[in-house]
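The chain below stands alone and is given as structure tokens, in the form predicted alone.
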């Protein structure tokens, strides 16, 4: 099983790793909502939020730049908000032609776009840190303790587990194709584009059938071992004094960001 494809947990035994999962989930969710509710152009609050992320990185012993290097994956998705550059009224900054339209970038639109990008960038960093310092089963159990509907936690848990089944079947198909292709290193193998499309289509169909059959076998094996709809863990989920103190301090700090952003 190729667990490293999706599993991003890094065990360093740090203070952040030892925190109760509920604390980390609550702080992450509140931090993300705090970024959403910060006013556009709250640069000081955005900067303090980033310092908060860097401090959390330091507590995780993963390095100050751990989430920074991995957070740029969110920037292409933030480009979905590029239309706000032209759709929000304000003082014109630049005008250019695109096909049959004349588009004008306004100062208010630019301010909104940059703020959205920063919000997304900060939120992704905190989500990356949560996944890197908390085992996925513990995240699911934390959601259960926080009274998230059982149907949602079960779907999330099975989605995560069966991704590994899907990836494992993909690698099996790729190895089988390479074993039967007799490809020579440095030479182009295979036929035309239509032929390659047909092969890819056949592999996709086989992947669906094989992964479906294997997931059915996995589920039956889980039932045979006593699965009742609840995922058990060997780690105790008990809130300690340090957990209560940590969550209180971090929530106060995030509230301070909101106050600073509105000054």
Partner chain sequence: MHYAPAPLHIPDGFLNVTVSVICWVITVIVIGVAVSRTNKALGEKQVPLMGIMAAFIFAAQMINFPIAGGTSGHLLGGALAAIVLGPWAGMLVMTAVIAVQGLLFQDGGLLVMGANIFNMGLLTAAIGYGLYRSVMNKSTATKLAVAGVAAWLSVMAGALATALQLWLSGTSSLQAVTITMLSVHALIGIGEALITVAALSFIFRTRPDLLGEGSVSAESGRGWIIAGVVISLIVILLSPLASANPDGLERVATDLGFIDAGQAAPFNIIADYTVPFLGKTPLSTILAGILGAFIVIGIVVATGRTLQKKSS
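Between two forms, the rigid core is defined as the largest C-alpha subset superposing within 1.5 Å. Because the structure is a prediction, the values reported are computed rather than measured. Positions refer to the first chain, counted from 1.
The same protein also has a form predicted together with its partner chain, omitted here; what follows describes it.
### Message
in the model of the complex, does residue 149 come within 4.5 Å of its partner chain, counting heavy atoms only?
### Response
Result yes; residue 149 sits at the interface with its partner chain in the model of the complex.
Checklist entry - Within a 4.5 Å heavy atom cut-off, is residue 64 in contact with its partner chain in the model of the complex? => result Heavy-atom contact with its partner chain at 4.5 Å: absent for residue 64.
* is_contact(residue 57, its partner chain) in the model of the complex, heavy atom dist at most 4.5 Å -> Answer no; every heavy atom of residue 57 is more than 4.5 Å from its partner chain in the model of the complex.
Is residue 51 close to its partner chain in the model of the complex, meaning a heavy atom pair under 4.5 Å apart or at it?
-> Contact check for residue 51: no, nothing within 4.5 Å of its partner chain in the model of the complex.
> Is its partner chain in the model of the complex near all of 84, 197 and 214, within 4.5 Å of a heavy atom of each?
Replying inline: Each of the three qualifies.
Quiz item: What residues in 194-219 sit within 4.5 Å of its partner chain in the model of the complex, counting heavy atoms only?
Solution: Those in contact are 196, 197, 198, 200, 201, 202, 203, 204, 205, 206, 207, 208, 209, 211, 212, 213, 214, 215, 216, 218, 219.
Core-aligned, does residue 146 move its Cα 2 Å or more between this form and the one not shown? Superposed on the core, residue 146 moves its C-alpha less than 2 Å between this form and the one not shown.
* To do: Compare the position of the CA of residue 156 between this form and the one not shown after a rigid core fit and state whether the shift reaches 2 Å.
  => Yes, shifts by 2 Å or more.
Using a rigid core superposition, assess whether residue 174 undergoes a CA shift of 2 Å or more between this form and the one not shown. It does, since the residue 174 C-alpha is displaced 2 Å or more between this form and the one not shown after the core fit.
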